[in-house]
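Below you'll find only one chain, the form predicted on its own, shown as structure tokens.
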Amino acid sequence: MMAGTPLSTPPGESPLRPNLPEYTVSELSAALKRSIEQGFAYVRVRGEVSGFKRHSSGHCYLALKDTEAVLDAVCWRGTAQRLALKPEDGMEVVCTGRLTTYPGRSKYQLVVETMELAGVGALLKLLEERRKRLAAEGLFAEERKKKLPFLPAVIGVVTSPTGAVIRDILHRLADRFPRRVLLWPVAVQGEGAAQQVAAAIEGFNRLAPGGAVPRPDLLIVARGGGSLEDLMAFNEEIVVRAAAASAIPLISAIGHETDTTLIDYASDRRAPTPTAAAEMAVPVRLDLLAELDAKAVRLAGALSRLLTERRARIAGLARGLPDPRSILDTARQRLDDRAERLLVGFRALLGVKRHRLDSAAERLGGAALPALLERARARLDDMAPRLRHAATRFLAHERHRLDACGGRLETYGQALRDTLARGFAVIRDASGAIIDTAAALAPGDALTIEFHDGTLAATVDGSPRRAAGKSKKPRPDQGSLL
């Protein structure tokens, strides 16, 4: 008889029972659960995401598959919120977690604790798709980017407090132009790094101007070099959106010059290194001082040239002015002459009027003559004070004008005297007219040369010399001018 073949039971006898333990369904399911969980307490599984679904409770359900098999997986709500990426169907990932069973459906599944993309190619594909989606929303548009301040008073830095990045930034700022720096310490890689960076950017923007903690005029988000996986925190959508929404101008300085992250597209300026970000933030103080000194020298030179030009122009105008004393004396003499002529004319007019009146009285004769004569005399007596008052007002007005002209002439005369005191002289001919050109003189002409302290008489002894470029053959009968 072959082993494992059940024995037949003779009629009338009780059937034989096999020597095996008997389990209930629950006991067997629990035993399987313990066995799987103890044997596969922590595993890493690589596969393609299929059937991804997020439940209303926040838990995520999916399946990992390859060409030969399918493995169900679940990610609880708390873990799903901390995942570094958003799972999608067709995405190849590496999940880390533990195997367990679900007795209610007689199935085993993977409880996911972490999830990451499998390979750089898949990661780059994910980043490119994310970049295109965010660019379509306008987060990378050039018109959104803000101009960096020329010299920020306060600079906010978002980076790790223990790395070399913050020391490089502080050292470069101290060399170029020392500024106040506020550090918001964050983790720059690993779980929760993206949330910390985004919170730091939003926190700086929420600071009120003039508060206890000064609001930065410029932000620098910086990190040293690393692999693509190390820089993933700065590719996260939450960080990119925070950088694009920042009201404070922001410089991104992530990795080395060849590294590019999505925050670089959303920032207002990308720096190839953290040190370069510090150089973009502030100018060189010594260069500014040198430029200021150069402009001060140029300003002083321009002012000096302007004053020299104005002095020369005033001196030229002063040379063309006549002698104010002579003009004033002439005006005074003319005024006295007009006053005398006015008085003589007034008396002559009164005589003429009286003569006409007497003639009219003789022609009239008779009884009405005395009355008519009396009225005429009364009118004449009434007009006499009015004429005298009018003459007085006219003389006063003319004297006021004369005094005003005298004041201006005195001012011009003082300017002329100041000009003469600087070494200039006024040359007049025998009639007192000012000579302003050598062509107006001839040998033997009498001249008067006025200096600031007196005048001298002179005589033209020869022909005048002409300026270079305007030479003209001298007349044979002319000599030279002393």
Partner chain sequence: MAEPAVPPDIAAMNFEDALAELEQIVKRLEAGSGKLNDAIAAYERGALLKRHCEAKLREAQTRVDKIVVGADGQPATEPASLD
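Predicted model only: the values in this text are computed from it and were never measured. Residue numbers count along the first chain shown, from 1.
Not pictured, yet referred to below: the form predicted in complex with the partner chain.
Work out which of E137, E362, D293, E257 lies within 4.5 Å of the partner chain in the predicted bound form, going by heavy atoms.
-> So the residue touching the partner chain in the predicted bound form, by this definition, is D293.
Sole residue of A300, A390, A378, V344 within 4.5 Å of the partner chain in the predicted bound form, by heavy atom = So the residue touching the partner chain in the predicted bound form, by this definition, is A300.
Stretch in contact, per heavy atom within 4.5 angstroms of the partner chain in the predicted bound form, of 405 to 413, 160 to 168, 353 to 361, 258 to 266 = Result of the contact check: 160 to 168.
Given that the partner is absent here, does K86 sit within 4.5 Å of the partner chain in the predicted bound form, heavy atoms only?
-> Because no heavy atom of K86 falls inside 4.5 Å of the partner chain in the predicted bound form, the answer is no.
In the predicted bound form, R386 touching the partner chain (heavy atom, 4.5 Å) = Outside the cut-off, so no.
Do L231 and the partner chain come within 4.5 Å of each other in the predicted bound form, heavy atoms counted?
-> L231: no contact with the partner chain in the predicted bound form.
Non-hydrogen atom contact R305 with the partner chain in the predicted bound form at 4.5 angstroms | Output for R305 is yes: heavy atoms within 4.5 Å of the partner chain.
Has each of F150, L183 and L207 got a heavy atom lying within 4.5 angstroms of the partner chain in the predicted bound form?
-> Yes.
Can you name the residues of 314 to 338 that have a non-hydrogen atom within 4.5 angstroms of the partner chain in the predicted bound form?
-> Stretch hits: zero.
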